[in-house]
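So this first bit is one chain, no partners, the form predicted on its own, shown in structure tokens.
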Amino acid sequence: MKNCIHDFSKTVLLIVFLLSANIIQAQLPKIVFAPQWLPQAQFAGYYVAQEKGFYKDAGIEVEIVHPSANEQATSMLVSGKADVISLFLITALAAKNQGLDVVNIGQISQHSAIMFVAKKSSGIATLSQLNGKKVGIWKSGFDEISKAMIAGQNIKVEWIPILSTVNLFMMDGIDAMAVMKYNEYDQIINSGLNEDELTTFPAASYGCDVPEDGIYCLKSTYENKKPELEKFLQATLKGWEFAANNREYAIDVVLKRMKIAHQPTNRVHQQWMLDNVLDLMKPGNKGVSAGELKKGDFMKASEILGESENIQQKYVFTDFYKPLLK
């Protein structure tokens, strides 16, 4: 009889424990995160942090929602669909100039992957030879650095808006196009052109090595959810670290997310993307830690944006950057 009572008591305690755990789980504060583009290895660290339970271990629940190819992540902040988004540094400054009160809480990328690419067969060997040419540019944004490069060379081009395909370039419908080294450039190579058949003009080689992916939220969100945002940032960096050390696993996670979203891809391309994105995250000799925004990069982005868009407003670094790392 005593054994029966003992077993019954253990069962009750187990049930109480499980119910308590579920209640605690249900009460975790929630953060909705929106990357600035469709699912791909560019965002592997976030997926890994979610898959490995790093966010829940930190005491938050994170939902990852992607905008469509025609939607900008900033609109998800405005509508309240997302608490946190990823953005290029210069895109965030442009959004701030347009009245969106965003702040940077962590800088994931430390360098630029933007470049123009042209076929050598076109005869385009220098950036200035793009003068008067048709150049593909992303319809969904991310065009500030590309346009600043052109403006800095005092040349004029005919901008042709494109989505996420390289088909127009491959069919000679445009003379050149803006690409990310980790994405469209590799797509072009996978479409049949060799690297020695292409001429590239990296932004970093033209004084435009402005960091790209950072983590942003509205200033009001920062003020109201600072503890949750700190946990989000720390768990995200842990996710990126795990992805860097377990790349095959990270690609498995990425491919699963892309399959759910019905995004066509292949493992080789996503591996190329992950390797390149991880390289962009290395500060090098910048004198900053992972996840930290350098003031000099902020100033450079502000200067480039001001010159290319004729923006007179100046932003204060400490008003824009709200570091949460300890």
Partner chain sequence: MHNQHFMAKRTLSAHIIRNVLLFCAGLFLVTFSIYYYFTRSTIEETTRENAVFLANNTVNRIEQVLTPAEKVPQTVAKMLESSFLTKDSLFPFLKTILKGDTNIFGSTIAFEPNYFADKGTYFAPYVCRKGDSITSSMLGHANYEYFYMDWYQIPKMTNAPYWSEPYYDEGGGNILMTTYSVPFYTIKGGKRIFSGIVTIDVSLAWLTEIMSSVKILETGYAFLLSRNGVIITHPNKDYVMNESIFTIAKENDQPGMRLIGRAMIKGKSNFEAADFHSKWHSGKLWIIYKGLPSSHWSLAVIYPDNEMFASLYKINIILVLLILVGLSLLSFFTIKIINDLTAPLKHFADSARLIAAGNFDVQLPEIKTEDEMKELYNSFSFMQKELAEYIVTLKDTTAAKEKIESELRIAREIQMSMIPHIFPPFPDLPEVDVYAILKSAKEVGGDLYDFFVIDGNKFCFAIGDVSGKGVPASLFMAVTRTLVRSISDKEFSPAAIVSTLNNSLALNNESSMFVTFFLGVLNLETGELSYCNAGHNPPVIIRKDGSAVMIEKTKFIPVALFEDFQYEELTLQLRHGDKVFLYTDGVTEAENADNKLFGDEKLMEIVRENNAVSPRELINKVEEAVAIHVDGYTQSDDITMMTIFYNE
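Residue numbers count along the first chain shown, from 1. Quick caveat, the model's predicted, so the values are computed rather than measured.
Keep in mind the form predicted together with its partner chain is missing from the figure; the text below concerns it.
From the list 217 to 225, 200 to 208, 236 to 244, 153 to 161, the contact stretch for its partner chain in the model of the complex under a 4.5 Å heavy atom rule is 153 to 161. Though the partner is left out of this view, Asn285 does not reach within 4.5 Å of its partner chain in the model of the complex, counting heavy atoms only. Using a 4.5 Å cutoff between non-hydrogen atoms, Gly173 counts as a contact of its partner chain in the model of the complex. Taking the partner from elsewhere, Asn266 is found to have a heavy atom lying within 4.5 Å of its partner chain in the model of the complex. At the 4.5 Å threshold, heavy atoms of Gln27 stay clear of its partner chain in the model of the complex, well away from it. Every residue of the trio Asn167, Ser191 and Trp272 has some heavy atom no more than 4.5 Å from its partner chain in the model of the complex.
Among the residues Lys256, Lys120, Lys139, Lys81, the one placing a heavy atom within 4.5 Å of its partner chain in the model of the complex is Lys139. Though its partner chain is absent from this view, in the model of the complex it lies within 4.5 Å of a heavy atom of just one residue from Glu230, Asp143, Asp252, Asp186, which is Asp186.
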